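The chain that follows stands alone, in the form predicted alone, written as structure tokens.
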Amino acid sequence: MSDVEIIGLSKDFGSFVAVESVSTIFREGTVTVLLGPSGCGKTTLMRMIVGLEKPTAGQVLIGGEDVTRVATSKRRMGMVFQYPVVYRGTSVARNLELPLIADKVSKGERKKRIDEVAEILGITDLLQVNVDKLDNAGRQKVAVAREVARKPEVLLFDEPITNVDLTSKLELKRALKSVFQELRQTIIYVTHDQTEAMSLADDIALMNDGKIVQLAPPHVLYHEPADVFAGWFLGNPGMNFLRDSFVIEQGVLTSPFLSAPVRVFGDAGRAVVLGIRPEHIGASVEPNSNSVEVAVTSRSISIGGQALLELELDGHGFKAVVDHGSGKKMTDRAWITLPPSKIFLFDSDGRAIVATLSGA
């Protein structure tokens, strides 16, 4: 296992900048997920790391060794693609064995590795089955097993469960989770699916417009977004952002969204945006001493059978997630509370401001 370090890595396609001067370290023995919307540069970044794409600028280091100009075959990496790459017309076992033969692994060691990886991925009963008889998910398991059996220093996955049906997607995700937990290899995994990223990653490298905007464990990325994009992209729905909805004077924040002023500790003078996640907004059918009355403009069912409310106050639209039973009772009006500890402040560049809010 080795760290993977990238230094000032960039890739231009003519006037289009796909990856812009990215520097970071993917820690040894951890799973780092490159997460972001389509076109953000995550696959291009991965292809440069593995050697399938030549950087416009920058370096790639594996275990401290500069491999920027080293051929893919000599980078001690394994890669699993979106579509399963297997040797057709032969058995699962033979698919796993052929690369080991090419690597001059002894017969006894080959059998040991094949048996181990087959057990982890739950394909022991399929070893003698022709891969042509497997479905897409089954062949992708074989592709994963083949790369794992080779024991490369770094494993890379480019959206490996994108092109399978939902049931198979869940099965593959469980299988990958087992592989990652068992091996503790250095793994870089690309996806646009935040649920996939949150369930598989030790660290998430969130990408936007060719840059890594935040690298952190999943819970940190979700609860401490570094900018507006991170708050918006993580979550279903993402964070609410309220502009021109508050005033901060002498360390006190007042807003029509709050029943009383709150104290602000930190450098909040640059704040122009107030952010709060929909699930952190308390909403009820009856007022209380800490609540503010708002209009309910729409109701729908959210993930897990919860109610998603679209609300409005002073021309600002925002969302709240509440339990389904309460949501059904909120027809045209609701009373909301915003816990100060769950409020985020952002500057004019969209960057999070380090500040603590509490009841005044």
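From 1 onward, residues are counted along the sequence shown. What you are looking at is a predicted structure, and each value in this text was computed from that prediction instead of being measured.
Beyond what is shown, the protein has a form predicted together with a small molecule; the following relates to that form.
Remark: E171 does not count among the residues lining the small molecule in the predicted complex, judged by a heavy atom distance of 4.5 Å or less. Interface residue remark: V22 is not counted as part of the site for the small molecule in the predicted complex, having no heavy atom within 4.5 Å. Taking the partner from elsewhere, A352 is found to have every heavy atom lying beyond 4.5 Å of the small molecule in the predicted complex. Remark: P55 does not count among the residues lining the small molecule in the predicted complex, judged by a heavy atom distance of 4.5 Å or less. Here is the short version: of S291, T32, T43, S302, the single residue with a heavy atom within 4.5 Å of the small molecule in the predicted complex is T43. Residues with any non-hydrogen atom within 4.5 angstroms of the small molecule in the predicted complex fall in just one of 327-335, 34-42, 57-65, 305-313: 34-42.
No residue in the set Y83, E196 and A201 has a non-hydrogen atom no more than 4.5 Å from the small molecule in the predicted complex.
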